[in-house]
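Only one chain is given next, in structure tokens, and it is the form predicted on its own.
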């Protein structure tokens, strides 16, 4: 990030588009201290923000309709099968966890009465158990009471391999979940658990009702009618859902927070693209909020000039990255391609991956496309700061790529494409349809051509690429191409589950209906050992060192090529308030508190 871009961020703070907290976190990520960031703002004449008046409504509703745009639209509304952020967010309109994660990564109660701690006696000192006390008087949208039985059921449902949930990683290591009384549960871990706030918290902790899903646990899980007709405890209840198009909801008159929510109806519209979504909020004012505005920064700045809305930017731990398939996507074995039974014929060669690694011009992508929306990084794991590796570097060097391939015996043919042993360096490189991603693809393709590598670019409609449909071969979890690019959402202020996506037991396959999140099909014994060790390491420094080593293994083996460490970016109507957007949880984690001033 250069001086001009930092000045733009300072201007954003002054204009109210970026919070001081978000600015400080971004500067810390670049290696500055928090006091230095504060001095930069002070030196630019940006006064410390005054405490904003708290919005204390005296009644529920009255705010009319809240209209939001999720251009990657939800395809189902069961959070346990949500393979993409869009499905997690669509589910979060209706379902809630015991606790959520605020912008600073703090655990805040939602369906829980309070956050467990050593001080209040609910968190065991040895990290082997935690007691959750549930809010009383909470009802499911159909009027049934929310109780401890529902919490126990969600563990049983998610931990059952036959159910094939994407949340199984959060629940499979629980030894048991005990019902203490109607509104108290005790979670007992198999071993000391430093990430005790994973299960039942955040996006992976959204709770579904036992009385509607009990009959569909296991092999019948995908047959449940309520996979697309949610009945939750959230601020809005279900009205209508057209997969890939629209979600409609109405106010929950029995919501457990007094005088919330503010809006009477909720509409989540899907489809289109990020640019049209940004324009619909910032320029035309048709919508109140637009999610994931992955649009060239210069376009966003022009759209903001209309004065109808503002760009919201906040820190996250999410990397835009290129993945190298470790398996052969072109050979079918037992009804699936990209099977671990067949290694990739070319990308398993380290020299080829190393060459690709220096052919991604990260600086050009950041400067020409994303601007203030992100920063370059050599790491896959970037946050929180204590987990960020200082052992890695990145470079863009076409000459070096040519040298690596020459030494490895890849010779240029008459067509300029390198070949060896009858194999050509020709790859299919896919991503979702989105202008910044297509421009990034073009930048990578141009550099690769100069090194004798031919890339065929493939673009898949976002609603398909990020679909949860196990029968669709074009989803990113099938990964039926050589290379692919997208952003992985960290989803919690702890990297345990985030880094599980490179473990051997989480490989996406036909057997688990492609619900596994190890889509690169990477397998490494040291990595697996480190991950299991970190899972139960209560010494914070030792645990951080383990995750840093995991990141280094992935980077040094070029399993992925980080393109950009992205910030969260959305577009909000000028009057919209209360979002408190968090890089550790769903955009809608605070939906009950959204309002218009």
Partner chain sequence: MPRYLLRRLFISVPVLFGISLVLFTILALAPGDPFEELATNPNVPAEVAQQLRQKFGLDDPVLVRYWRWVVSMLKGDWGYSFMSRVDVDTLILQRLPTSLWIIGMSQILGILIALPVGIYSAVRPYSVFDQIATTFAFIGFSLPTFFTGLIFILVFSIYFDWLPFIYRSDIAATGWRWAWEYLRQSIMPVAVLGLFQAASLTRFTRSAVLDVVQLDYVNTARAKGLSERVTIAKHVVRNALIPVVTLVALQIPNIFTGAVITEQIFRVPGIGSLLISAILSNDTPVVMAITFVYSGLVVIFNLVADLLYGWLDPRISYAGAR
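Being a predicted model, the structure only gives us computed values, none of them experimental. Residue numbers count along the first chain shown, from 1.
Another form exists, predicted together with its partner chain; not displayed. Remarks below refer to it.
Stretch 168 to 176 is the contacting one of 385 to 393, 356 to 364, 168 to 176, 99 to 107, since its residues have non-hydrogen atoms within 4.5 Å of its partner chain in the predicted bound form. Checked against its partner chain in the predicted bound form, the candidates 439, 400, 445, 308 yield a single residue with a heavy atom inside 4.5 Å, and that residue is 308. Among the residues 251, 492, 185, 485, the one placing a heavy atom within 4.5 Å of its partner chain in the predicted bound form is 492. For the marked spot (164, 276 and 517), a heavy atom within 4.5 Å of its partner chain in the predicted bound form is present in each of the three residues.
Although the partner is absent here, residue 200 sits far enough away that none of its heavy atoms falls within 4.5 Å of its partner chain in the predicted bound form. Remark: residue 69 counts among the residues lining its partner chain in the predicted bound form, judged by a heavy atom distance of 4.5 Å or less. With a 4.5 Å cutoff on heavy atoms, residue 238 does not count as touching its partner chain in the predicted bound form; it lies far away. Contact annotation for residue 372: none of its heavy atoms lies within 4.5 Å of its partner chain in the predicted bound form. Contacts between stretch 241 to 257 and its partner chain, counted in the predicted bound form as any heavy atom lying within 4.5 Å, involve 241, 242, 243, 244, 245, 246, 248, listed in sequence order.
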